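Here's a solo chain for you in structure tokens, the form predicted on its own.
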């Protein structure tokens, strides 16, 4: 088992002779919710497709839990902006469908009926439990045409996570939703993060590792514990877009008030570092996540070591 849920090493991607991505390096720890922002057309979707395994990079390496990504695989899940649900299946059946394909075969379904029915019952129970986790415990029997956009997106999220991938990619998952539904789903991600924190505290591997693409800077800072910015507005920008921003952001609890004033400074910094085409800087100027994480860990260790022991 690797230290990282996702690791990208020296990734480059070109379309013909035109450079899209240049020298991308990224490490994501299990349990992190990472938001990725960047100008339209900078290569965010290209990077997601490379991680998913559908569009291999021109050069470089992508690993999930230490294993090379050589094509679509169950270590990487994805939720698109447009809900990829089967209209003829209920919410519960949509969520359990991946388990059915993964854990049963056509021969089992035809020749080992009793064994298959036991498996199906197990899958239905897991799907119902996951729908409850995303706030749809009462919607198991609903079909997609009976659900709102926000409900369908929750089903899509459950559909991805029930397969227990090492990382789930969210590609503008809330972009088509109205503001109220969007806020509800942001709270859902904050609840996932709280489950991650509890798992770490109990010595378990966190279940939810997410890389989310969004155009909303408020959303990026609010739901994630780390924001990365992809851009070609840097000194080597003619060679393609790269990560020009990588910093931690404040962690919010689902019960916290939605006070965006707490991160105005970081939002303004993001706008300048990632989106301002007139602000050309060294690509590493704002890539400080690991340095800041190390500093925070050292400060915590110093505080703990300074506290008196029971024998003092």
Ligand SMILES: Nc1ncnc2c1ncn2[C@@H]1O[C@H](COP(=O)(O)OP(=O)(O)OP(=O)(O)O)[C@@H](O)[C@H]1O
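These figures come from a predicted structure and were not determined experimentally. Positions refer to the first chain, counted from 1.
Separately, the form predicted in complex with the ligand exists; it is not shown, and the next lines address it.
Stretch-level contact check against the ligand in the predicted complex with heavy atoms at 4.5 Å: of 37-45, 58-66, 260-268, 282-290, the positive one is 37-45.
Taking 201, 164, 215, 115 one by one, only a single residue has any non-hydrogen atom within 4.5 Å of the ligand in the predicted complex, and it is 215.
Exactly one listed residue, out of 172, 184, 195, 225, brings a non-hydrogen atom to within 4.5 Å of the ligand in the predicted complex: 172.
Along 1-33, these residues reach a heavy atom to within 4.5 Å of the ligand in the predicted complex: 15, 18, 20.
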